[in-house]
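Presented as structure tokens, the chain that follows is alone, the form predicted on its own.
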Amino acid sequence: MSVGDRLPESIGDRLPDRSGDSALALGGVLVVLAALFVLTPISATLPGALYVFLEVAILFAVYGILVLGLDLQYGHTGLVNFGHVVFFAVGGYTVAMLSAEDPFAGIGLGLPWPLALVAGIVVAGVLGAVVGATSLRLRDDFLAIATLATAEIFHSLFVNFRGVFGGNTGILGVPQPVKALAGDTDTTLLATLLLFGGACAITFAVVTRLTDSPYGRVLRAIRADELVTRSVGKSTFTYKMQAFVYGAALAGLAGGLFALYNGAVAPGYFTIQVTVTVWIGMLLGGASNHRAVLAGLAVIMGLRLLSRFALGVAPVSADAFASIRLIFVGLVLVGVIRYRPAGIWGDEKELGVDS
């Protein structure tokens, strides 16, 4: 229990929450450290056994940006978006199509990658505005279906329009700026982890500033009771649209970073499993709490990492083990919802649920 928690509520509530400032400082430090590895002769030497942990940590940083956007939409505004992966994919494909050089499938325009990354964020945000304009007036369950259908439609487009998106092969030849500057594999992995970790921390700081402001209180009021919020003169649709676009743009940023790290995009990277992973992480940790959703995501990805090692000693096939892993994750989620419906670190009063 923190000192602020032990203080009388009236005083504790007045203490400023410095988590956003701390995250911003941490993000800046991580980005500077990443720059040192890619812009100077400094290099890293890592044990080969750490590669798998670094790769999972890099993916966690990318998914961390995704889950923060989803928490802004659902945790704070109550928008049930089951198609979050589509904005992740659109960001990745936009970066690939604009920056890839001479791909043997799909389109690659060979433009500078910073321009492509900005375009990926903008295109994902614009798609969020289009989807939001047509779906946000729907009831929660219909909004979930509409966003899920949008994700499936775009997945079909990526697979079937081979001349544009490269079909199942996807688009190769996407620039990998960190790899190009760092040179060797060890330095590339460490610099990428630092850079993406810094991006995730800065994203945390930005969304924390947003949700701690009066704007964030309006979002939470919409989630608690939209009718009452509208009765006091707030344009709830405008606020919901803004939250939806912000979340989509963050997903586009995550998709663009993923494409620049991976050097390629393909439909197989952007399946419904991505949406399921970030949703389970958010619910497991506790929606409406940025630190909790990141912690929940870490738990889920940690379980997936442990299962990699368990596969080597399990007396079953890889396909059977994949099914067992899904069952185990499902049981964990059911247990948390049964005994901690607000999530492990979620606030029951904040979310208005009964344990």
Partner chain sequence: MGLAQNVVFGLVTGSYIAIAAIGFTLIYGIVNMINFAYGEYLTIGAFVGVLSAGMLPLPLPVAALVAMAGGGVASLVLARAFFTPINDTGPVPMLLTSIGLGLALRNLIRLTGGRSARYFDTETATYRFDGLPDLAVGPVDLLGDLFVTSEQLVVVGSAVAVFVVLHAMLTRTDVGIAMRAMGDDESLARVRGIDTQFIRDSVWVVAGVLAGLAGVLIGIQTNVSSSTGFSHILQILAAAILGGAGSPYGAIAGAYVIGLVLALSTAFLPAGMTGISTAVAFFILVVVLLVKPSGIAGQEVREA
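What we label the rigid core is the largest C-alpha set whose atoms superpose within 1.5 Å from one form to the other. Numbering follows the first chain given and starts at 1. Predicted, not measured: the structure shown is a model, and the values here were computed from it.
Keep in mind that the form predicted together with the partner chain is not shown, yet the notes after this line are about it.
For the candidate spot formed by 80, 149 and 276, every residue has a non-hydrogen atom within 4.5 angstroms of the partner chain in the model of the complex.
The stretch from 257-265, 198-206, 97-105, 152-160 that comes within 4.5 Å of the partner chain in the model of the complex, counting heavy atoms only, is 152-160.
Mapping the unseen interface onto this chain, residue 333 counts among the residues with a heavy atom inside 4.5 Å of the partner chain in the model of the complex.
Among residues of the shown chain, residue 62 is not one whose heavy atoms approach the partner chain to within 4.5 Å in the model of the complex. With a 4.5 Å cutoff on heavy atoms, residue 140 counts as touching the partner chain in the model of the complex.
Although the partner is absent here, residue 144 lies within 4.5 Å of the partner chain in the model of the complex, judged by heavy atoms. Interface residue among 306, 314, 324, 36 relative to the partner chain in the model of the complex, by the heavy atom within 4.5 Å criterion: 324. For the options 329, 295, 31, 58, the one in contact with the partner chain in the model of the complex, meaning a heavy atom within 4.5 Å, is 329. The rigid-core alignment places the CA of residue 317 2 Å or more apart between this form and the one not shown. A movement of the C-alpha atom of residue 53 falling short of 2 angstroms is seen between this form and the one not shown when the two forms are aligned on their rigid core.
Residue displacement note: residue 326 has its CA displaced by at least 2 Å between this form and the one not shown (rigid core superposed).
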